[in-house]
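The form predicted on its own is given below as one chain in structure tokens.
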Amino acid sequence: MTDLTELSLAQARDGLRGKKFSAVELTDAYVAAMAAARLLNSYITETPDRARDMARASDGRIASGQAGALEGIPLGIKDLFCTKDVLSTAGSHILDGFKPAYESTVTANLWREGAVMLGKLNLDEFAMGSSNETSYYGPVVSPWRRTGDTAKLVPGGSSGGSSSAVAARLCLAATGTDTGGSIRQPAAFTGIVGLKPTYGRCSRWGIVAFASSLDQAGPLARDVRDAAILLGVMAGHDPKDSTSVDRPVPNYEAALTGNIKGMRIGIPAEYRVDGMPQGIEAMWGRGAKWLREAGAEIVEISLPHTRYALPAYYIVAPAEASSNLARYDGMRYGLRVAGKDLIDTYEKSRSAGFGAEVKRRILIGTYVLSAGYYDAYYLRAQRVRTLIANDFRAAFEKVDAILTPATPSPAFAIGERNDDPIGMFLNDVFTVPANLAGLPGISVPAGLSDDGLPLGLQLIGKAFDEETVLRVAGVLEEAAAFTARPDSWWRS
């Protein structure tokens, strides 16, 4: 039998329905792959017994003709999603031992359609990071290495456990969250597809909050079709989430027609940044050429306030984080460090429970929200956010989608940028604008850097027009014909 972990989600779905193999066999193949790849540190918690129980139940439903859309499909879940009775940590010491009594809406949707949970995937602490080095449970390692170099590389962040696991074939696909690029950037770094839907398309209920006006769940998968299938189940209105939008969920897989003739694709001048490697600039040009050859018209556009997106984001996001993380005080759940009185207990619990990056962002957020600085920083950043959204609104009067690079560089080595927080923030320079505007975006692998590492192209679409984004992404994926794979140096 073909190695089951090499099948795409769509292929595995069809194989299960055709009874070419069982859900238990498929799950066992992934459990074995996970056990042989612990060097990557992709998972915080593995749940093999639960996975096999879920797989057996799936085999029963398949046999009785009651298969759901994801019946028997083994997935990894970013450990920002609360999963009932399973450790849910957000990558932080302060949530040690926390096992929720409830299920996030997104994961409940997945289990309702028959998906199988392999475990909880590692991430930057509270999703704050661009390299998956801030997790209390240690950094995640990318399965990729530079040509001729054995240095361990970052898989991107914050959904680095998700991207590493999908790229290394440790799950068929994974959930992620994207606040400033945390799905698209790690997908680009590891040669897979990462889709951030429109804000409000997927429920945030049961997802540990970072920045509530920016966070959005989405899929990381091996190809565009798999991402479309997974999004179709993850998405939907949820009355428990006031930011969830009550709109029908389209058949995203059916949108992959391959026909983009007559579409207009925008190329924003402002995404040509100083210091961007020539290889990324060249790949961007090739992407535009591929879409033109497929029948699209390439249009030069301007997004004039793009330069202000990153500073605005790093005011808005920490401000919201400082508010959201105030609930972690050692009193109700997770870590508690006893002090001499209530305030001392708060201080000791938070000091021991939060890592350096989380503390940095809480301090920044508290500062910009403080009396005397709220108007000067936070309100001004929100006004800039409106200008950025208006730029996109004007652009989409002329074009159907926008093509940009996904990242300003390929993956870097673990520890290489730890002393440069500003440089780390710049990893999100191409992804943050879509979050500030609440728009859908996808990263598609499109080539390799000079040292053999994946590079991604990003497509940004109109609000709630994931169908167009996926259709264009499918054409881009076919033209790029990206088949490179990391070697298996990590397997024990």
Partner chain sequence: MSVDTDTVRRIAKLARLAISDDGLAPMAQELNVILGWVDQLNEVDVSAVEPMTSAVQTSLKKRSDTVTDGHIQEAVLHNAPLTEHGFFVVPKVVE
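Residue numbers count along the first chain shown, from 1. Just so it is clear, the structure is predicted and the values come from calculations on it, not from any experiment.
From this point on, the text means the form predicted in complex with the partner chain, which you will not see here.
Heavy atoms of every residue among Ser213, Arg360 and Leu379 are located within 4.5 Å of the partner chain in the predicted bound form. Contact with the partner chain in the predicted bound form, defined as a heavy atom within 4.5 Å, holds for exactly one of Gly97, Gly138, Gly415, Gly262, namely Gly97.
Interface residue among Glu293, Asp246, Asp149, Glu281, judged by heavy atoms within 4.5 Å of the partner chain in the predicted bound form: Asp246. Only one segment in the set 269 to 277, 153 to 161, 195 to 203, 68 to 76 has residues whose heavy atoms sit within 4.5 Å of the partner chain in the predicted bound form; it is 195 to 203. Although the partner is absent from this view, Ala255 stays clear of the partner chain in the predicted bound form, with no non-hydrogen atom inside 4.5 angstroms. A residue is said to contact a partner when one of its heavy atoms sits within 4.5 Å of a partner heavy atom; Glu347 meets this definition for the partner chain in the predicted bound form. Of the heavy atoms in Tyr314, some are within 4.5 Å of the partner chain in the predicted bound form.
Contact between Arg286 and the partner chain in the predicted bound form is not found at the 4.5 Å heavy atom cutoff. Residues His305, Arg307, Tyr308, Leu310, Pro311 are the members of 294 to 311 with a non-hydrogen atom no more than 4.5 angstroms from the partner chain in the predicted bound form.
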